[in-house]
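What follows is a single chain, given as structure tokens, in the form predicted on its own.
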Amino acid sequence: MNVILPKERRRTRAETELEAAFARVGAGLPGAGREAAFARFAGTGLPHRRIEAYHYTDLRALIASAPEPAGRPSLSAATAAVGADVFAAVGAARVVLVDGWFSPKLSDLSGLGDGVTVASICDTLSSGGSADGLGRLIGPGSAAESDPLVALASAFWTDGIVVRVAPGATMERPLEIRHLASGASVTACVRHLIEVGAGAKAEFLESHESPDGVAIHAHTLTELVVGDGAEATLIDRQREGDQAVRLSSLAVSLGDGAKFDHTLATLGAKLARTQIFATLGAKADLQTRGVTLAKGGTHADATLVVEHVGPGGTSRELYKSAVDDEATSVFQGRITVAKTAQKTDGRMGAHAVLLSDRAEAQAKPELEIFADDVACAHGATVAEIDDTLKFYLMSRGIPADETERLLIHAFLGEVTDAVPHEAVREAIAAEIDGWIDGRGK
């Protein structure tokens, strides 16, 4: 592998390490197109503030080094990584990946129903099979194709899963995709392909976990295709350790009349960026919401690119952040309405509450409209806890710490109350309680 970063600028330590790592391991990874993907990444290197989409999240400055790519962990190391499952009450089937590698012995794929198949990408390709459809949403001309993080994940992924739900089938129990860390300081890259056939129904949970004190870099690239008239739900919970870097990219295609309900809960990581690239067909419906909790010196970014290409589509995007200490939250969102997407209804909101005078929140919602018969709007607010409301509750005998708990929950409640699954809703609410209790510790 002789791909190198451009010489006209000085490379950072992390970029040099990524180049060296790809030269060592790139040729031995399954699948095609890796050299081209790394070449795309090499065109920019780690994205920086002069790239508009990364203006508030300068990864060249925030990522000092890149750990070694993860090898397949031993079964004992994988087993040791398994802790309490916050979604245990859901009763979901389970796919477990440790350091980016699928672990069949820790997974449970029973009870998903007829017409549902789940397989490891790495095992599929190694056995001579194919992962048809991989890359269809990040090809030439797509919003994701030019993104440096998408290119980096496309070059380095080691494993992932292929999920296919046949047309008209209904998934009989949710599928949890659980990402764990063995405790080693590694770079773990995962790639998923999920196809929900026309008229099918499917529910997915995704959970990302790693221990404190471990400098793991975790990249996830997911392509989700929701066919005509199909319905899919994805709840993505990210709770990485205090030294972790979590980078996630989700490319979504909604067919005509398709519905997709998405929830993002960013609950921990030294640096987290989740980006969503969504394309909506005629009368498609996208509901995406997010809650971010940030404290210490952490940096959390949620970036959305929503493209309406068919007429009569609906999209709702609502993201809220609670930011404490010297942490930073970022929201960037763009709704684009093509000329062919008349009668689009799109609404985007981003709101943050600052719990410290050193906390920072950035919000940049955008509309780009080329059709003339639409109903679109966006808004953003950044504020502190309302002292009047706090005084009112305290005057009724409620202690100050409980008052703040109630007000933070009330602020985030518009997002958390909309989570469609009750057990998941309760699990996320409990984690918010734990985060509030841990403030200042």
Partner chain sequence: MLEIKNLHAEIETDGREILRGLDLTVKPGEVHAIMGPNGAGKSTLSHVLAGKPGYRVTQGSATLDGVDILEMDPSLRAAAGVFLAFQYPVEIPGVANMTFLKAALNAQRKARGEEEISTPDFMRLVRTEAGKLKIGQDMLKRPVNVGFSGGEKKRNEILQMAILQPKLCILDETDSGLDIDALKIVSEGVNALRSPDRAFIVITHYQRLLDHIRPDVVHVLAKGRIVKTGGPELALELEAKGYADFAEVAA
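Numbering follows the first chain given and starts at 1. Just so it is clear, the structure is predicted and the values come from calculations on it, not from any experiment.
Note that the form predicted together with the partner chain isn't included here; everything after this is about it.
Proximity to the partner chain in the predicted bound form, taken as heavy atoms within 4.5 Å, picks out 391 to 399 from the listed stretches 373 to 381, 57 to 65, 391 to 399, 38 to 46.
Contact between residue 53 and the partner chain in the predicted bound form is not found at the 4.5 Å heavy atom cutoff. In the predicted bound form, the partner chain stays beyond 4.5 Å of every heavy atom belonging to residue 385.
With a 4.5 Å cutoff on heavy atoms, residue 410 counts as touching the partner chain in the predicted bound form. Taking non-hydrogen atoms only, residue 406 approaches the partner chain to within 4.5 angstroms in the predicted bound form.
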